[in-house]
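Below you will find one chain, with nothing else, as structure tokens; this is the form predicted on its own, and questions on how it binds or moves follow later.
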């Protein structure tokens, strides 16, 4: 575990990322990591959350949560971690799967000195750009194991690429008796369930931090717009009813921020405490995304419904984060079961 950043170091990291993203609104992952020299931050939750928040604030397409989660899994499994400038992503979701890893049906069977992989994965973020895939599959006595594939362009693997609602690249993967070497298995055979549960929480903490940046930007854009738009001879920001609505937006942003950082700080706690903090954060994040997103669109009037303004793109990304890995109903049920 790395030492926590001091307040001054946090400010320096935040400013460096914000300045870089202000200069380039369509950065490539390689350049982003290489020029800022933040590769080591991928394994540190605190640093990752600071970076994620700035990615959300700028609403850029960067696979931070995906790459950081895959890097953490590889590190925990004592497997070689690809360079931070490479893209690695986890393939776990499947058609019809409702968030619980117990429903995974993809299977890997031993075949001579290797493995054969059979099954379908759905909505694998950044799969088309990935240098490495981590695939969750059932093995042996029906336990879950993790396999590393160093290229998505191999025989026995078909990709169906598309863009998600927020514009991020994703793909469905179909494994048809896909051959893997023996060392493709990472970590203990049939021992991946606890790793996947913790990986989910780490990914969600980063996404919660990204959502905080999105929400902050939506509020800032709304305050700026209502200060410019005029009705009855004055800016509409002067209307008390609209001021109350923007105060509600601000309160939701602050609650989301507090919840997200509590989740980040809880990642090294015992599983139950970690799960409670992360799921509580995601419930608050989902509510904030809905309220702040809807208010931002309404307070922008008809323009809020167009693609010409950035807010629609921010709201779409917030909607995607709401249901990443799990939705609010799943998180509430998880909290109730702890």
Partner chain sequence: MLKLTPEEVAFQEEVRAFFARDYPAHVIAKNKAGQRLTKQDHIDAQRALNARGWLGVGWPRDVGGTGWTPIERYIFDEELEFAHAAGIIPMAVIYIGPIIAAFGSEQQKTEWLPAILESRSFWAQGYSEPEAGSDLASLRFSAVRDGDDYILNGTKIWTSGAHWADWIFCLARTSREERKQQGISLICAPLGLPGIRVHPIRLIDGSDELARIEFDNVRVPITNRIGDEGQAWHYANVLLKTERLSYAHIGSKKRDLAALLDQAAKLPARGSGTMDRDPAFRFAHARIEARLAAIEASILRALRGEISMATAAALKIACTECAQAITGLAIDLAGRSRLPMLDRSVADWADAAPAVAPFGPVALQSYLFERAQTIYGGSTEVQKNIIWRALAGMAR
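Numbering follows the first chain given and starts at 1. Note that the coordinates shown come from a computational prediction; the quantities given were computed from them, not determined experimentally. Throughout, rigid core stands for the largest set of C-alpha atoms superposing within 1.5 Å between the two forms.
Just so you know, the form predicted together with the partner chain exists too; it's not on screen, but the next bit is about it.
Asks: Do residue 20 and the partner chain share at least one heavy atom pair within 4.5 Å in the predicted bound form?
Replies: Close contact is absent here: in the predicted bound form, residue 20 is far from the partner chain, nothing within 4.5 Å, heavy atoms only.
Asks: Is residue 319 close to the partner chain in the predicted bound form, meaning a heavy atom pair under 4.5 Å apart or at it?
Replies: Answer yes; at least one heavy atom of residue 319 falls within 4.5 Å of the partner chain in the predicted bound form.
Asks: Is residue 42 part of the interface with the partner chain in the predicted bound form - any heavy atom within 4.5 Å?
Replies: Residue 42: no contact with the partner chain in the predicted bound form.
Asks: Is there a heavy atom of residue 92 lying 4.5 Å or less from a heavy atom of the partner chain in the predicted bound form?
Replies: Judged by the heavy-atom cut-off of 4.5 Å, residue 92 is in contact with the partner chain in the predicted bound form.
Asks: With the distance limit set at 4.5 angstroms and only heavy atoms considered, check whether 100, 121 and 330 all reach the partner chain in the predicted bound form.
Replies: The answer is yes: all three residues contact the partner (heavy atom, 4.5 Å cut-off).
Asks: Which of 248, 131, 182, 177 has a heavy atom within 4.5 Å of the partner chain in the predicted bound form?
Replies: Result of the distance check: 248.
Asks: Partner absent here, but in the predicted bound form, which of 135 to 143, 107 to 115, 237 to 245, 77 to 85 has residues with a heavy atom within 4.5 Å of the partner chain?
Replies: Heavy-atom contact with the partner occurs in 237 to 245.
Asks: Taking the partner chain in the predicted bound form, which residues along 264 to 293 bring a heavy atom to within 4.5 Å of it?
Replies: Read in sequence order, the residues that approach the partner chain (within 4.5 Å, in the predicted bound form) are 265, 269, 276, 280, 283, 284, 287, 290.
Asks: Under a superposition restricted to the rigid core, does residue 112 display a Cα displacement of 2 angstroms or more between this form and the one not shown?
Replies: No: residue 112 shifts by under 2 Å between this form and the one not shown.
Asks: Core aligned, does the CA of residue 231 move at least 2 Å between this form and the one not shown?
Replies: Yes; that C-alpha moves by at least 2 Å between this form and the one not shown.
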